[in-house]
Each structure stands twice: as structure tokens, then as C-alpha cells.
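Take a look at this one chain, the form predicted alone, written out in C-alpha cells.
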Amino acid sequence: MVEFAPQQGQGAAAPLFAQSFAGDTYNTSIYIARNGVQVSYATLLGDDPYSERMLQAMTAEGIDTVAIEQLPGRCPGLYTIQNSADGERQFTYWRRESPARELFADGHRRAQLQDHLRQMDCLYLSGITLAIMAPEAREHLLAFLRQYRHDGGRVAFDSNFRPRLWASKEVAREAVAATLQQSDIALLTLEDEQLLWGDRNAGKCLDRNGRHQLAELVLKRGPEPVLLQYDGELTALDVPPVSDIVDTTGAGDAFNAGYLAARLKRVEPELAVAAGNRCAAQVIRHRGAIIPAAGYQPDNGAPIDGLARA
């Protein structure tokens, strides 16, 4: 999406905004690529100048854009950020006409995209991916994920619940649960889980998600310790404090990127959580979801002997 982030020191009456590009899976893809993992991004864009600049931005980050199709006469969605004094963010969206909502809807485009996705070692999607799709397209996606995993692929999923995108909580619950059934790695946020499912605490959330037989479950809880469920063990891993937070936009997406990039490099899950925390800590010190590439430090913190058991 097109992003407008308020500039520091601007008054509330007439703020000035910096224009960039962002979106949950896009943010994660950018930071995975910056951490040295090959990434291909799949979406639908328009043929407008902003869409062209999005493609240029992805290419500059080293992201493969072959799976992105541009639809004539269309343009991407847009959102603005508002920040409170502690850096917490609130979004306003304009995305009803976004072509990304038609992903997996057209049979011909879907077949081409599926051929491309089968070449990937791991697929990452979110609850927003599901929410913006038509129900029929969502069913096609779930059927593809089932076959993709059967053929040896891995799926990572962040439920990322945004109530306004769904017809009802019941529809969202059904879609999220069905996707978790086709996932290997779940990267969840307790606040989202509580909003969607009404979980009273982290224990209830972990118990409920246990039925999905996930290989890895990561539960993010803001500044509270991250909970990692892996190989039959539950581990609480501290989140190092960050004192100079200016904008929490993209924090969870950045964590996911650090975690997934480390795991794709076969780093142990505990060390991958630390990598996720380091990535998120960089992002929340800047305004907007994507910090300038020149200011980003790729994560090389895992030791050489930190190889995954899986």
C-alpha cells in the first residue's frame, strides 16, 4: 500500500507526511531480504505511477517481482499513520479498490501464480492476506496450501486480525483456523488473538492453538517475553527494552522477518526469536514501517553452531 507517515514535530492541525510503501507481508518481505534471504513477492498492482514506484522499490531491495501482475486502470490502496506520545500507532485506510483484493480470484492468473509458488521453499502469508480475498479465492488458496505442504513445502502464517476487513468474527475465525491447519510456523500476537478469540491470557491462547499441530508457535506480547512452543517445549524469551520508540508501525512484521530469516538459515528457534527482537527494535526507532536501507543493520548475531534441529 501507499503509506503516509507523519513527520516528527508536526502539529496535529496540519501535519506533514512522508510518503512511502508498506503493508504487513510487504514489510516482512523487505526485512527478510535485507537479512540475506532470497524473497519473491506475490500481489496485484495497478499501472499507475505509485505501482511503478512500488516495483522499483522492491527491485532495489533485491526482491523478485516476477509474480506481481499489473492490472490496467487500477491503483493500490493507501493508509495514514497517527502516533501517540509513546509511539503507539493508529491507522486510517483507503483500500477498497486495491487490486490485491483479487489475488487468487482469476483462474488463469491463479494457475500461473501457483506454478510460481510451487518453486518456493517456504510461503508466508497473513490474516490480512485472507481478509482482503473473496471467499471463493480464499478456498482456492487453502486448497493450494494443503497440496503445497503435502509436496514438502513449508507455510508460515501471522493471523494479524483487522476487524474492519472481515464480514464478522465468525468468518475470520473459520478462515484463520483453516489456515493454521495448513501452517508449519505460526507467528501470533496475543493482542490480536484476544481480540479475535477472546482469550483471557497467553495460556488459553497456547492451549487453543495446540490442536493445529504446528511445528513452531511464536506468541508476541509487546515488551513482555516472547513465548516459543517448539519440539514439545514452551520457552519464555525476554524482549530487550527499547527506550527511544517513535513509531511501532511494522514492529510485528519486522519481528516475523528476523525470525523467519534466521530459521530459513537453519538457526535454532530460540536464537531466531532474538533475531526477531533485534529487527523489531530497529524499526520502532524510526517513523513508518520501512526504515531507510542505509540505516538498517542486517542481523548476523546467531553463532555458527546455532543450527536448527529440524
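The shown structure was predicted, so the numbers you read here are calculated from the model rather than taken from an experiment. Note that residue numbering follows the sequence shown and begins at 1.
Below, we refer to the form predicted together with a small molecule, which is not included among the displayed structures.
Taking a 4.5 Å heavy atom cutoff to the small molecule in the predicted bound form, the contact residue among V39, A251, M54, L44 is A251. Residue in contact with the small molecule in the predicted bound form (any heavy atom within 4.5 Å), chosen from L264, L271, V242, A67: V242. Every residue in the set T189, F255 and I284 has a non-hydrogen atom no more than 4.5 Å from the small molecule in the predicted bound form. The stretch that touches the small molecule in the predicted bound form, counting heavy atoms within 4.5 Å, is 223-231, out of 223-231, 96-104, 120-128, 138-146. In the predicted bound form, the small molecule stays beyond 4.5 Å of every heavy atom belonging to A33. At least one heavy atom of A280 is located within 4.5 Å of the small molecule in the predicted bound form.
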